[in-house]
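As structure tokens, one chain now follows by itself in the form predicted on its own.
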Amino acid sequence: MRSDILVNAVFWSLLTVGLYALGKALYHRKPTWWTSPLLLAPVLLIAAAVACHQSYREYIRGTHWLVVLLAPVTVAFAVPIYEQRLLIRKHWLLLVAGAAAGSATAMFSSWALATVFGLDGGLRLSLLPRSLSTPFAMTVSGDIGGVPTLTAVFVVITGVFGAVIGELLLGVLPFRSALARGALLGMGAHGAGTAKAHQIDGEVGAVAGLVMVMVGVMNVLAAPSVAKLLQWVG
């Protein structure tokens, strides 16, 4: 039994890392939204899981260590934030207001979508923190009665599509300042958006990282109260 679990963990871990590396190589050769490793790797993993008749529970049991690594990766975003501290100090009030507005919009829109599609119970609560980076989201999900591993799936989906749509929006909307571009990606696509922002510019990436962390902290503090309020209203 233990050997089966170990083989399962090694197989899915290697496949996950390998498909992500493949996605990065393809994206380097042809940088388009559909070759993004954040989109391509999950799609191929889902196809592999379906072909192997593996459930998400079995997959995450073998690759949970990759999720754990997200915590120190999130902390690492503090380095570029520190490097851009003068910009952040100058616009801190605007950043706080934007992060608060984005957090409220994300939580209420998640609740509204769950209501429209008839989701309730743990599934609805698991969806609520979808716009946070995974370490924050899983903490919030557990505190409000959701399923943290299910929340992680919603977070990945939000991040992947948020980064893709955010990149497209930056090409259409008249956002030219690092503040606006970084806030859009950091709020709309958390970690994936911040990684995309760093590809654009270091200053844009620093703002995105700061907004991502601010939104995470705000939601950790506010989500339990907001969840009770929404349950009472809905």
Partner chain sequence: MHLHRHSISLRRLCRTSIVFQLLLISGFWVAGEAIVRVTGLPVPGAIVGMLIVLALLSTGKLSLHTVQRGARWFLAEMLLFFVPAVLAVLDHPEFLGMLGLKILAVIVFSTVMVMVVTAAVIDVCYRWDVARKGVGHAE
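Throughout, rigid core stands for the largest set of C-alpha atoms superposing within 1.5 Å between the two forms. Predicted, not measured: the structure shown is a model, and the values here were computed from it. Numbering follows the first chain given and starts at 1.
This protein has a second form, the form predicted together with its partner chain, left out of what is shown; the following refers to that one.
Participant: Taking its partner chain as it sits in the model of the complex, is residue 52 near enough to touch it, meaning that at least one heavy atom pair lies within 4.5 angstroms?
Facilitator: No, residue 52 is distant from the partner.
Participant: Wondering, does residue 17 line up within 4.5 Å of its partner chain in the model of the complex on heavy atoms?
Facilitator: Residue 17: yes, in contact with its partner chain in the model of the complex.
Participant: Answer yes if any heavy atom of residue 160 is within 4.5 Å of a heavy atom of its partner chain in the model of the complex; otherwise answer no.
Facilitator: Looking in the model of the complex, residue contacts with its partner chain include residue 160, since a heavy atom lies within 4.5 Å.
Participant: Using heavy atoms and a 4.5 Å limit, would one call residue 200 a contact residue for its partner chain in the model of the complex?
Facilitator: Taking the distances in the model of the complex, the answer for residue 200 is no, it never comes within 4.5 Å of its partner chain.
Participant: Does its partner chain come within 4.5 Å of a heavy atom in each of 79, 82 and 94 in the model of the complex?
Facilitator: Contact check passed for all of 79, 82 and 94.
Participant: Using a 4.5 Å cut-off on any heavy atom, which residues of 100-124 would contact its partner chain in the model of the complex?
Facilitator: Residues within 4.5 Å: 101, 102, 105, 106, 109, 110, 113, 114, 117, 119, 123.
Participant: Using the core for the fit, does the CA position of residue 217 change by 2 Å or more between this form and the one not shown?
Facilitator: Yes, shifts by 2 Å or more.
Participant: Would you say residue 162 moves its Cα by 2 Å or more between this form and the one not shown, aligning on the core?
Facilitator: No: residue 162 shifts by under 2 Å between this form and the one not shown.
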